[in-house]
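A lone chain, given as C-alpha cells: the form predicted alone.
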Amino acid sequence: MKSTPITPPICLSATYKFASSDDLIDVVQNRSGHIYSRWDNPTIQETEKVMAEIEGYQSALAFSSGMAAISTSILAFLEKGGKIVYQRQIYGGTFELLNDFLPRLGIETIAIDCDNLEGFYSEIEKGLTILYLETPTNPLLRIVDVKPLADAAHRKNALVMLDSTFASPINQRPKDLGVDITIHSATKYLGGHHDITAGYICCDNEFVNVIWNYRKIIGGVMDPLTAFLALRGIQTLELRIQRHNDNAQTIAQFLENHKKVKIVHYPGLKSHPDYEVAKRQMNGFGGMLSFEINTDFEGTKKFMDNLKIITLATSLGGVSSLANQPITNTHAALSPEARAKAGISESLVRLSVGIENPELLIKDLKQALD
C-alpha cells in the first residue's frame, strides 16, 4: 500500500467475520483480533494507545462515560469485605457510588477531608484495598498532595486511583506521583467541545486485563464515533489547555478583587490554601475555578440568569465557558449535611473558563455581578 489515511477511519462494525473456527478461537482466547465491539474495536483501540502514551502508562481503556470508567475500575478490585478510603471532596456522582452504593455490597467506605493528612495516614495504616483521590477537587479546587499518600497506600499493598479530570494530562502527571490507575472524564477537556460523553482509565499492564474483563461484562464501552471525536479533541489538547490556564488565571484575579465576591477558589492564586502544593505538583493551574458571591441562594440565581456570554449549563472543560451552582446540579443529590461538610454553599458558583477572549468574559461577569 502506497498511502494510508491521515485520520484513522471509524470502524462502526459491531461484529467481525472469520475465515475459520480456529481463527475465532484464537481471538477469544488471546485477544489477538476483533470479535465483538463490546470487547474491542479498532477505532477505540486507536484512542486508547494515544491516551496511554499521553499519560505515560503502558495501557488505557475507553468507556462510555467518566462514571463508567470510575465505577468499573473500582468494582474490578473490590469485593465483599474490601475497604476503600477516599476524600470527601469529590465529584457528586463518585460520592454517591462510594457513600450509597458500595456499602450495600458489604464494602467498607471511609471518607476523609482532603486536607486531613493525618486522617488519611491513620486509615491507611489500618489497612485498605483502594485509596481513591481526586485533584483538583470539584468544585472547590483543593489540591491533594498525592505522592506521600500514594507511598503510604503502597506500603499497605493498596491500589491508588486518581480522578485527574480537572487537571487534564497537560497540567498533571499522576504516573509520576505514584498513581496506579488514572481516570478521566473525556466528556471534559479531552473531548473539549461539549459534544461527547466518554471516559478513560490509564494504567500499566498488570491492572488492565482485570478492568478490561469487567468492562466487557458491565458493558460501559465507548462507541466508535465518540472515539473518533475524542481522538480529534486530544490532538488540540495542549493548545487549548494553555488558553484555559491563562484565561482562568486572569478571571480569578479579577474576581478576587471584586467587592461583591466573598472568596475565589483557584489554585493559581497565592491566597489559595494549596497554592504551594499546586506549584510543586502541577504544570498549570487549569481552567476551572469557583467563587462565592456576597448574597444568598436567590441572589446567586439572579447572577446566573443575567450572564450573557457564559452559558448556564453543567459539565466543563470545553472551548466555551459554562457556569452553574453546584447546589442545584452537580451536588444536588447530596444531603444538606453532606454539602455543608464538603463546603458547598448556596452562593457558590462553579465556572469552567473557555478559550474566548478573556476581556469579554470579564465584562460578562462584571455586568452580572452589577
Ligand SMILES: Cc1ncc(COP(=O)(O)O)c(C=O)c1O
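These figures come from a predicted structure and were not determined experimentally. Residue numbers run from 1 along the displayed sequence.
Not pictured, yet referred to below: the form predicted in complex with the ligand.
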What is the one choice in Arg240, Lys188, Arg88, His272 with a heavy atom within 4.5 Å of the ligand in the model of the complex? Lys188
Heavy atom within 4.5 Å of the ligand in the model of the complex - residue from Gln172, Thr226, Thr72, Thr165: Thr165
With a 4.5 Å heavy atom cut-off, would you call Ala252 a contact of the ligand in the model of the complex? no
Just checking whether Gln325 would be counted as a contact of the ligand in the model of the complex - the rule being heavy atoms within 4.5 angstroms. no
Residue-level contact is defined here as any heavy atom of the residue lying within 4.5 Å of the ligand in the model of the complex; does Ser65 satisfy this criterion? yes
Classify Asn138 as contacting or not contacting the ligand in the model of the complex by the rule of any non-hydrogen atom within 4.5 angstroms, answering yes or no. yes
Quick one: Glu55, Val146 and Ala278 and the ligand in the model of the complex, is every residue within 4.5 Å by at least one heavy atom? no
Given a 4.5 Å cut-off on heavy atoms, tell me which of 111 to 119, 157 to 165, 264 to 272, 209 to 217 is the interface stretch with the ligand in the model of the complex. 157 to 165
Contacts with the ligand in the model of the complex, stretch 306 to 323 (heavy atom within 4.5 Å): Leu316
